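Okay, so here's just one chain, in structure tokens, the form predicted on its own.
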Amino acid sequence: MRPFWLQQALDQDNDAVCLPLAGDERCDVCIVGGGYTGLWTALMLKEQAPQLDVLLIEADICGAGASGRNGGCALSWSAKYFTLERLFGAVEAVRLVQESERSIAAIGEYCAANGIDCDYRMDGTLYTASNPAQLGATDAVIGALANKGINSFERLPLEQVQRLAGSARHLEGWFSPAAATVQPGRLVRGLRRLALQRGVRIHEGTAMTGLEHGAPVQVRTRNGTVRADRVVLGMNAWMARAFPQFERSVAIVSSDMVITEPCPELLGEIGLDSGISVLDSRIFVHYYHNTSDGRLMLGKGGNTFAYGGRMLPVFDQPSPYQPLLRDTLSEFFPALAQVPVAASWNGPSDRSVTGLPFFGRLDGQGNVFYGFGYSGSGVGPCHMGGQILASLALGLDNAWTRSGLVKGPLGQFPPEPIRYLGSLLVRNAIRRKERAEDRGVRPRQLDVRLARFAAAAGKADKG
């Protein structure tokens, strides 16, 4: 059984199967990876250069990775403004915040224009405090956005916050209309369907087993070779295993989710009747939204860490944290305490040091490009990633190819076992700190200090 979103999409998907590669193929551009990054890149290449022969290979089926199992929250980079400014300067930080908001709207417009039914609802997002220690956590970045003239957030009265969020657990809230929610499995399968219609050749069940630089580049698979003038690698969490030079560029960490059986009447009674996404101000945030068929999805990041970037079997199983998520759901929504959980799942996200994705030219080559490190927030930014990678593959000189995002990874994690042990140490400190804050108790100073290592990169794992 696939994760809930993807299985729901597949149950309604009558499109043709894309057979594995058998034999050798030649193309202009070969894309490795059939998630949001690879499919947006393919579609943008065909839009700008319809004559290009684009071939995409995917190890499993399109959407089997993070694109078919994320939380479905399409969020901007507004909350990451300080990180953007520190890394790229104020001018580029402002541009990237604005582009991230434009991408969210553009995804909805694209889906509407091309018949992709993915439950896209641009009903905004609400950043909240769910315990007293979180009060004011968002004020500084909101002030910075306002100073730059790019603030889309409005502080709401507490009564309105609790009504919109459907829970009295929230103690303050900032609302922005520049956010959306989607059914992620339907989005990725819809992009696949459109790519096929536009002439992109797709081979599923076709893992890359090797890559040889040259002109053309040779992408090896088990049953054939693709020779391509240019290659785009959109493998996300799997990049670190395929290319050892990236092993310390990302940490592989799970985001875990549960979704209820339909309960539209109860959701209506508590006021959670729009597509708004709600996120609190924890380091590993709680995030949730409803669905158009009356379910509630709730998730939390930062649970399972993988040693050495390995793809653990647990990533393809029901979440081991389902009891914790069930308890959290009942705490936020006492009225839903008896509503059955329909499914739980988790999956690997590629957490970068900065909390931002990065792009570049593999090994300095001018015809092999990559992008990953979305850090659990890729639904909206993958649209920007497609623009970046399409621009690189087309050899364009534009704001995307000149961006600091295209300088490759901007930091490394420590080597193993320090990274793994340090991740567990920090994760457990965060858990103790936030449990204490939930009880109104002052956390230990050591836990506060350790938590700052994760807080420096911003909120994690929410879309």
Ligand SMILES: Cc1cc2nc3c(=O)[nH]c(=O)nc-3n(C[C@H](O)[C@H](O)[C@H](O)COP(=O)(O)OP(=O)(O)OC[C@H]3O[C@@H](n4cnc5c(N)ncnc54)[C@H](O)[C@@H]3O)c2cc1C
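Just count from 1 along the sequence shown to find any residue number. Predicted model only: the values in this text are computed from it and were never measured.
The following text describes the form predicted together with the ligand, which does not appear among the structures shown.
Enquirer: At 4.5 Å between heavy atoms, only one of the stretches 415 to 423, 391 to 399, 42 to 50, 62 to 70 reaches the ligand in the model of the complex; which one is it?
Expert: That would be stretch 62 to 70.
Enquirer: Identify which of 257, 104, 356, 226 has a heavy atom within 4.5 Å of the ligand in the model of the complex; exactly one of them does.
Expert: Selected residue: 257.
Enquirer: So which of 127, 287, 333, 81 gets a non-hydrogen atom within 4.5 Å of the ligand in the model of the complex?
Expert: In short, 287.
Enquirer: With a 4.5 Å heavy atom cut-off, would you call residue 250 a contact of the ligand in the model of the complex?
Expert: No, residue 250 is distant from the partner.
Enquirer: Contact with the ligand in the model of the complex for residue 235, defined as at least one heavy atom pair within 4.5 Å: yes or no?
Expert: The answer is yes: residue 235 has a heavy atom within 4.5 Å of the ligand.
Enquirer: Would residue 319 count as touching the ligand in the model of the complex under a 4.5 Å heavy atom rule?
Expert: Contact check for residue 319: no, nothing within 4.5 Å of the ligand in the model of the complex.
Enquirer: Is residue 29 one of the residues lying within 4.5 Å of the ligand in the model of the complex, judged by heavy atom distances?
Expert: Output for residue 29 is no: heavy atoms all beyond 4.5 Å of the ligand.
Enquirer: If you look in the model of the complex, which residues in 14 to 38 sit within 4.5 Å of the ligand (heavy atoms)?
Expert: Residues within 4.5 Å: 32, 33, 34, 35, 36, 37, 38.
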